[in-house]
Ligand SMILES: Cc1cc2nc3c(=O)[nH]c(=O)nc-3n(C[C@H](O)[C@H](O)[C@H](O)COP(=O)(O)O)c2cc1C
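Next up is one chain by itself, shown in structure tokens, the form predicted alone.
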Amino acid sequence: MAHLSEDMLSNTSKNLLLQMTARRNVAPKRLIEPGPTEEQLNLIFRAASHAPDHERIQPWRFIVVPKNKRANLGEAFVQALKHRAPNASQVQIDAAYEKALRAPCLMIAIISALPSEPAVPLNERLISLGCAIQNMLLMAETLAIGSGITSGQAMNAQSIRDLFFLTAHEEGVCFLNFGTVASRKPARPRAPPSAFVTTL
């Protein structure tokens, strides 16, 4: 495989690579106010809209959880915990509730398995969602907004499904968190392309 040095990249390509390599997953507890403005959030969603979408079926969507609904989400997390761990301690219950109150901007990513014609398999739909999310994270990075992906055992608990009115064909995949970075962890080493690319 031919090696393209950074010296051969255009300024636009260098800037894009810089944003890609600068992006870090930031835990919600390290994301503080201010969160993205309405205009910035619109740019983040516009970036998502340019993800690949086989047959243009729009198999994913996002639901933003505003501040006045965070308590509802906290209760849904608590219900999910009590359902799978009836003997959960008060400390665990408080921690479950707290998860809903962290990042300034919080949303859930949802995938749809609704049958389509022609049929588009679930793995292609998930790839589309993954591309949309990556576009969002990279746009956030260009806007100097921190971001993080979270999931967990409560992701598709009945209390969560009920809160977000998910249909029988839908599943929550992850939560996306955005805000100002209070502190960053050191960058972790990344494998070079030679570690994961071969030629048939």
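Just so we're clear, the structure is a prediction, and the values are computed from it rather than from any experiment. In this text, residue numbers run from 1 along the sequence as written.
Although it is not shown, the form predicted together with the ligand is what the next lines describe.
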- Message: Please identify the residue among Thr150, Asn135, Gln40, Ser159 with any heavy atom within 4.5 Å of the ligand in the model of the complex.
- Response: Thr150
- Among 60-68, 41-49, 142-150, 160-168, the stretch whose residues bring a heavy atom within 4.5 Å of the ligand in the model of the complex is 142-150
- With a 4.5 Å heavy atom cut-off, would you call Asn25 a contact of the ligand in the model of the complex? yes
